[in-house]
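Single chain ahead, written as structure tokens, the form predicted alone.
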Amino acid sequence: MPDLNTAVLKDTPVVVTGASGFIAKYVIAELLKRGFSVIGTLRNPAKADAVSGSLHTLGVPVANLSFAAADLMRDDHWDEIVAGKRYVIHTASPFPVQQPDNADDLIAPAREGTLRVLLAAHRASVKRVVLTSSTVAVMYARDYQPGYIFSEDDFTDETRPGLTPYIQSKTLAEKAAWNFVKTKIAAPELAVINPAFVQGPALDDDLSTSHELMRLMAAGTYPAAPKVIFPVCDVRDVAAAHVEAMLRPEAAGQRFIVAEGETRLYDIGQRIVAECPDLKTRAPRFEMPDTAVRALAVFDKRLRTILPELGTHRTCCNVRARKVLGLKLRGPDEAIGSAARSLRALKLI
């Protein structure tokens, strides 16, 4: 743990945007467990009780949690929410199961929302903003070389042909954030977390995209899995990374890849079967050729999300997260297995 005067730091609440999101709920839980007060922002205030209820399932007291209504696409309320605060953790950004027809449906709220939060933080003299980005903002250079190991020094080229709107949105939002803090006088410090494919236990039936994918597999929607492989992380480690990046002085101005090991989509299906043997006949039973995936994606928008992964094997390095943030990361078996067990406990698979 960093050497900090935590009594002083805990005098003011930490603002966490997008409080109803999968990662955000775990970040809030991590903060509450460490004794911080939290203000969670919600576009829809009606979700407040559901978020509090989800945190109860983790055994986290919510007496120090409050909520504020704010929309990433509107200026209203952001100044008063961050006024007098020391830290803002900006997790809010859409990650849909299927890609939209209009890329701006994802890019605009991601980029403009990030800048809106940073502007409010700047006006309020916030010390540090921690931004949730993604490994997709790291691993899509225009000239991909097989065997290359991506690090925090790499940035996706958002003009590269074939990228999904989601990849573009995360890349453009993160680049806008770095440009903001480099060009604004007295800008907040910025630290960025770049998680891989996020697994780990679901808390409720408001499923993340990764959990929705597992639910579809368990329902028999995809008897065959696309032949793709990608890095994985556990949401509990992602939450710890956000809080450590908030607290550790040396984290300012840095990006942190959070990933441990890799998985294939087919392996996720097999892990579901290992936890729930009754689903054996529903989970994917083989891998389909890339040409078949591309053909099916014309009709199934959900498959378009993984098209950039076909025929590639991208790996990344987690050394900085381990050394600077002190993380001990869970592997894919624990991350995916705990996700499957949680969905079964919630009676969603």
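Numbering starts at 1 and follows the sequence shown. The shown structure was predicted, so the numbers you read here are calculated from the model rather than taken from an experiment.
Separately, the form predicted together with a small molecule exists; it is not shown, and the next lines address it.
Using a 4.5 angstroms threshold between heavy atoms, Thr91 counts as touching the small molecule in the model of the complex. When contacts are judged by a 4.5 Å heavy atom cut-off, Tyr166 counts as touching the small molecule in the model of the complex. Proximity of Ala70 to the small molecule in the model of the complex falls within the 4.5 Å heavy atom cutoff. Of the heavy atoms in Phe256, none are within 4.5 Å of the small molecule in the model of the complex. The contact residue chosen from Met246, Ala218, Val198, Leu172 relative to the small molecule in the model of the complex is Val198, the criterion being a non-hydrogen atom within 4.5 angstroms. Only one of Arg285, Arg43, Arg304, Arg34 comes within 4.5 Å of the small molecule in the model of the complex through a heavy atom, and that residue is Arg43. Only one segment in the set 188-196, 141-149, 154-162, 261-269 has residues whose heavy atoms sit within 4.5 Å of the small molecule in the model of the complex; it is 188-196.
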